[in-house]
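Shown below, as structure tokens, is a lone chain in the form predicted alone; questions about how it binds or moves come after it.
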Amino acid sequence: MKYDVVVVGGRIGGSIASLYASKDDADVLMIEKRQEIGTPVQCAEGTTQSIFKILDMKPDKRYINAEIDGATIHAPDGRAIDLAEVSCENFLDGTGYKGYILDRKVFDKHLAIQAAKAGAEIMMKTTVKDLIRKDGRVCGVVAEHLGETMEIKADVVIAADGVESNMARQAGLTNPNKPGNIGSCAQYELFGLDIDPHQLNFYFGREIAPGGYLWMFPKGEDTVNVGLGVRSTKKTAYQYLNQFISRFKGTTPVELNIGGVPLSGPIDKTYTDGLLVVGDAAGHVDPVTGGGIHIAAFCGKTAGQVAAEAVKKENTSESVLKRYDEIWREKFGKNLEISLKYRNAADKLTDKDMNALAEFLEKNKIENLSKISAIKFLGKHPHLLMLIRDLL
């Protein structure tokens, strides 16, 4: 078997890479290890409006559960801060709090179908075991489909195989991941929880989600995604989640998903001869929020286009594929770098620090802040002042 491009992984990054490579006339095979694209759900399903601009698509009610126009942060002491009253200019990729809660099972499959319509072949229930190399360059994959092992040749392989990417590791591109750099996540789709259907809610505190946060994302029809991420804790994410939802009576979980998310920033290099890396496999995730749908969409699109162009040029060396790395870093590299600094600073915040910040924001809306009020606040909290200096 021989293709121009083989994409490993059928989630958002992989399906979009397959779609755009196919649109550019590449002969594409997308490989997915599960029996169904879109399951299990592996995120909170929230995204910004920007993903549809990236894909030049119009949002469709078939895969949108809720439209979002606001967000509330809950401090450890229970204080609730409406972020719309604080600042929203730079939140969620510059689109304020406007966004959507997707039905990822439907959305992911929709993207895969679009890729198929553009000409991509899809092979389900297939696990990639190894890379094929020739003269030091990647030129295909070894895969197992329903007990049969096969070699699939390709001019370019796009690795979109998730946080534990075998492809990137076998190509020598992944950074060593310390346990603290992987967020352990658990999420219920919870029926019977009454919250504002257009508002996100975030909860912080060492007792709720140490090293992370808890989210509530409304999905419509009385269901809410309630999940959390933690890092390097004695208890599991699942235990912390059950501890939190025990406060809500009359609710029923209808789905449970558990997984991990990379929080150490992008890998140093997302390309080599014959190979590109996309999405969680490349660390295309915001280290603070753990979100990355719109980043994976942009990078998947770019990877597909660069791979197809390299095939046309009959040059799939890293000197040509490097263009992919340059494009996505120009778009997101600086923001991800800054976000990692914020995450490292947030790791040092105590519950007392977070409560003090929440109280300050409650009393002083960002648009009305004065230097005097900020100096007075930081004078009372020198620990926070030191963290701000570290960020600068």
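The structure presented is a predicted model; accordingly, all values stated were derived computationally and were not measured. One rule holds for the numbers: they count along the sequence shown, beginning at 1.
Unshown form predicted together with a small molecule; subsequent notes refer to it.
Novice: In the model of the complex, does each of Lys109, Glu189 and Val224 have a heavy atom within 4.5 Å of the small molecule?
Specialist: No.
Novice: The chain here is shown without the small molecule. Which stretch in 272-280, 146-154, 314-322, 237-245 comes within 4.5 angstroms of it in the model of the complex, by heavy atom distance?
Specialist: Answer to the contact question: 272-280.
Novice: Of Lys352, Arg34, Lys348, Lys53, which one comes within 4.5 Å of the small molecule in the model of the complex, counting heavy atoms only?
Specialist: The residue in contact is Arg34.
Novice: Please identify the residue among Gly265, Pro210, Pro197, Gly290 with any heavy atom within 4.5 Å of the small molecule in the model of the complex.
Specialist: Comparing distances to the small molecule in the model of the complex, the residue within 4.5 Å is Gly290.
Novice: Considering non-hydrogen atoms and a 4.5 Å limit, does the small molecule approach Ala44 in the model of the complex?
Specialist: Yes, contact at 4.5 Å.
Novice: Hey, in the model of the complex, is Phe298 touching the small molecule, heavy atoms inside 4.5 Å?
Specialist: Because no heavy atom of Phe298 falls inside 4.5 Å of the small molecule in the model of the complex, the answer is no.
Novice: Taking heavy atoms and a 4.5 Å cut-off, does Gly259 contact the small molecule in the model of the complex?
Specialist: Yes, Gly259 lies within 4.5 Å of the small molecule in the model of the complex.
Novice: Contact between Val8 and the small molecule in the model of the complex at 4.5 Å, heavy atoms?
Specialist: Val8: yes, in contact with the small molecule in the model of the complex.
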